[in-house]
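Starting off, we have a lone chain in the form predicted on its own, written out as C-alpha cells.
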C-alpha cells in the first residue's frame, strides 16, 4: 500500500473518533444546561420578571390595584422621572431632600465603618492578644442580630430620658432629643463658633436655590437624628467588615513582613507599604458593599424615625416605599428605585476606576502593545 493510501486509511480510521468526541462534548453541554436550568428558572421567575415588571410600572400611573398590564393602566412615559428630577413640586423637593440626607449619611458612615473595621481586624489579629476568639465574636455579634431589634434598642437608648442622656447628665452635659432633633450638625457647629445663627441664616445661602433646595439646606449636614442612626449603623456593620479584613490579614505571607523588618522598616512603614497594598482588593470590596448598603438604607429609618423629624432622615429607599405603599403612586415609587439603581451603579463604577490596580493596567497595556507590534511585524514579513 502506498503512503497516500495509508494516509487515507489512517484518516478514515480517525474520523469516527472525532465524531464521537464532538458528540460527547454536545452531551456534556446539554447535561450542564439541564443541571443549571432549575436555578435559571427560579431566577427568571423571582428576579428577572419582577425587575421587568417594575421597569414597566415606572412608566405608568398604576395605583397598585388590578393588573399593571391591564387596559385601565395608562402609559405616561418619563413623567414619573421628570416629576422627580426636573419639575417643580413636592415630589422633586422630597427626592432632593432624600438625596441630601443620604449623601451625608454615606459620607459619614462608609469611611468610619471601614476604618473601624480595619482597626478591629488589626487588633484581633495580634498574636499576643489573649481571648482573641472572644473579641472576634463580640465584635461580630451586632451584625448577627436583626437590624430591627437593634434599632428598637437604640430608640430607647437615645430618647430624651434614655440611658445616653442619663449618662451625659452625670458629667454635666444636657443631651438633645436625639431622634426628634432636626437641626443640622454643620449648622450647630457654625452657630457655636459664631459664623451664623440657625434662626437667621446668611441671606446668600438662604436665597440661592439648587434643585429645589437652598444652599443653606444643602450645607446643613446630617441632622442630630440622622447622626444617631449613623452611630447605630457603624456599630452594627463594623463587625462584618472586620471579618473580611481579618481574613485578608491572615492571608498575608509572613515572609514578606519579615523581609520588611530585615530591611529596617518600622511598624507604621510595614503597615502602609506592605499590609495596605495587600489589602487593596478587600478595601475595594468593603467600600463597594458599604456604598451599596448605605444608599439602600431603609430598616433604621422605618423603625426609628419614619423619615422625620422634618424629613431629615428621609432616604430614597424609604421615599420609594412611602410613594408606593402609602400614597399608592407605584409608578413614582418604581421610578425612585431605578434612579437609585443607576446612581449606585455610577458610584461603584467610579470607585472601581479610582481604586484600580495601576500596575495591572499598565501591564495589560504593555501586553496589548506587544501583541500589536508582533501583528504589524508579521504583516510586514
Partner chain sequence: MSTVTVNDGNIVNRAGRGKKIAVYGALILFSLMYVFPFFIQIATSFKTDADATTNPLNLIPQPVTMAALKRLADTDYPLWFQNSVTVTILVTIGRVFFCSLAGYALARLKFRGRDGVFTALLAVMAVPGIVLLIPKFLVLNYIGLYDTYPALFVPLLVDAAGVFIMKQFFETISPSMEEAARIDGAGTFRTFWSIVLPMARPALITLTILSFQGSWNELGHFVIAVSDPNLYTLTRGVGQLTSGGLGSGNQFPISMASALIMTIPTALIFIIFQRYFTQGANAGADKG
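Keep in mind the model is a prediction, meaning the values are calculated, not measured. Between two forms, the rigid core is defined as the largest C-alpha subset superposing within 1.5 Å. Residue numbers count along the first chain shown, from 1.
The form predicted together with the partner chain exists for this protein as well; it is not shown, and the discussion that follows is about that form.
Though the partner is left out of this view, residue 59 does not reach within 4.5 Å of the partner chain in the predicted bound form, counting heavy atoms only. Contact annotation for residue 238: at least one heavy atom lies within 4.5 Å of the partner chain in the predicted bound form. For the chain shown alone, residue 90 is not a contact residue for the partner chain in the predicted bound form, no non-hydrogen atom being within 4.5 angstroms. Contact check for residue 353: no non-hydrogen atom falls within 4.5 Å of the partner chain in the predicted bound form. Here is the short version: of 244, 230, 287, 260, the single residue with a heavy atom within 4.5 Å of the partner chain in the predicted bound form is 244. For the candidate set 203, 86, 126, 266, a heavy atom within 4.5 Å of the partner chain in the predicted bound form is found for exactly one residue, namely 126. Heavy atoms of every residue among 45, 51 and 325 are located within 4.5 Å of the partner chain in the predicted bound form.
Looking at 98-106, 118-126, 205-213, 184-192, the stretch with residues near the partner chain in the predicted bound form, meaning non-hydrogen atoms within 4.5 angstroms, turns out to be 118-126.
Although the partner chain is not shown here, in the predicted bound form the stretch 114-142 places heavy atoms of 116, 119, 120, 123, 126, 128, 129, 130, 133, 135, 136, 137, 138, 139, 140, 141, 142 within 4.5 Å of it, in sequence order. Core-superposed comparison between this form and the one not shown: CA of residue 127 displaced by less than 2 Å. Residue 192: CA moves less than 2 Å between this form and the one not shown after rigid-core fitting. Once both forms are fitted on their core, the CA shift for residue 90 between this form and the one not shown remains under 2 Å.
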